[in-house]
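Only one chain is included here, represented as structure tokens and corresponding to the form predicted alone.
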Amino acid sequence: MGIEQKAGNSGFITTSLESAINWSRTKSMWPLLFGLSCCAIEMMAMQASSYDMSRFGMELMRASPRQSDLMIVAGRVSQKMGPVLRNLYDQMPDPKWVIALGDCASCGGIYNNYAVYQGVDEIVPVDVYISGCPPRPEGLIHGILTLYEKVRGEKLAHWK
């Protein structure tokens, strides 16, 4: 059933402004390149033809935080990289979302020492965690779809 059948002969459809904005946010997310270790290879595989992030409206990953609204942190974050990560997050326009890709970004992974953050949520707020060492591209697809559901349920008053 297409939009033509739902609209009927009237030629218009009614919806709330909130649903229209949230729908457009999910269909036009631009991820920021932030691959730090082995999980970055799986993130790169998402751009290949087998998985194709284009079907999610993510044609290419941006290298500039000022053009991105989704940060995918792929890999371990060292103490030296933490301030850089926070600086990039602060430069992103609102609304912005963060996905922690892999065990290292989620909880420190196998690096249980002073030099690595035990989860990227110590630096920036994380919306979706994806487990695995390294996680499969299917895990990132599931994480993106989970983020879409979260964005569709957001209220406009949240961004005032």
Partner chain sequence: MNELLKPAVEKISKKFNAKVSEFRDEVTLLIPPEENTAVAAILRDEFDFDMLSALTAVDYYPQTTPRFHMVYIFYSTKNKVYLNVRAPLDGNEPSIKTMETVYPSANWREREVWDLFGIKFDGHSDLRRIMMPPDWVGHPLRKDYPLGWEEVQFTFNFDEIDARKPKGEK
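Just so you know, these numbers come straight off a predicted model, no measurement behind them. Numbering follows the first chain given and starts at 1.
Heads up, the form predicted in complex with its partner chain isn't pictured, but that's what we're talking about next.
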- Does residue 70 reach its partner chain in the model of the complex if we count a contact as any heavy atom within 4.5 Å? no
- Message: Please determine whether residue 118 contacts its partner chain in the model of the complex, using a 4.5 Å cut-off between heavy atoms.
- Response: yes
- Does its partner chain come within 4.5 Å of any heavy atom of residue 124 in the model of the complex? yes
